[in-house]
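Okay, here we've got a single chain as structure tokens, the form predicted alone, with questions on binding and movement later.
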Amino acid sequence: MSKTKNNHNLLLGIDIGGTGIKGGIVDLAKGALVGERVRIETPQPATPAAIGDVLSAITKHFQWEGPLGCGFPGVIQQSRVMLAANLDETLIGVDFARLAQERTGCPAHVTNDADAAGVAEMTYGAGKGRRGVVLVITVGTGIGCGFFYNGMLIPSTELGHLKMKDKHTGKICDAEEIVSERARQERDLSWKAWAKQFDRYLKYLHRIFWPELIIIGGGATKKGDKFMPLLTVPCATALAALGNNAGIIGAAAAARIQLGKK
């Protein structure tokens, strides 16, 4: 990849998840990966040092020396981690952009992972050119949300932490404890049974925000045919056009926007 690192349309994107960390070189003119992505299991515990090791390994894999963007599964304010629900609590308070830069030697930008996926879908994918309120919901270890109004991102909307009643236990809990991909697997739910719970969650979001379009992304997109026809939320729905690569592409796109201002 060293032959292409000076191409200004290219940027390294890294998508950090609760179970895996994925990286790839992104052609920002096309909104697509150049070559294959690499995936490394998320270290347990996912401490700053351990995550830094993975960032370094991905950068070296691609022989990358230019700017990079990271999507992080938690609330980010001014590059600092404020919430990291599915990673190690020692990440809270860490300046993640500085950590990434120190461990890779590359100028780095960090954004919420679902916001990154949303940026990708609104720029290149299922939300391109859409006006009004658009929600991008990522389904994985947790539930992420990118919130857009007339194409503009409203960052760090942690709608996976809205409270819902778990009909199996009768308890009130975070929505992602019921409707994430991890919850589906842990409860050994069929796609039909899970879709019923997920649909209830989407209707909850619709009652509050009245989106004109909800885009479903994250790892669950690989099985979209199993649940998308079962959704009855009263607005348009679509699978993320960029699939599970949206987080990588969006992390790179967000980094280009922010690092270009410096």
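None of these values were measured; they are calculated from a predicted model. A residue's number is simply how far along the shown sequence it sits, counting from 1.
FYI, the form predicted together with ligand BGC isn't displayed, but the following is about it.
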Task: Interface segment, criterion being heavy atoms within 4.5 Å of ligand BGC in the model of the complex, picked from 183 to 191, 117 to 125, 143 to 151, 93 to 101 - done: 143 to 151
- [ ] Considering only heavy atoms, tell me if residue 161 and ligand BGC come within 4.5 Å of each other in the model of the complex.
- [x] yes
TODO: Classify residue 75 as contacting or not contacting ligand BGC in the model of the complex by the rule of any non-hydrogen atom within 4.5 angstroms, answering yes or no.
DONE: yes
TODO: Give a yes/no on whether residue 79 approaches ligand BGC to within 4.5 Å in the model of the complex, heavy atoms considered.
DONE: no
TODO: Using a 4.5 Å heavy atom cut-off, state whether residue 83 contacts ligand BGC in the model of the complex.
DONE: yes
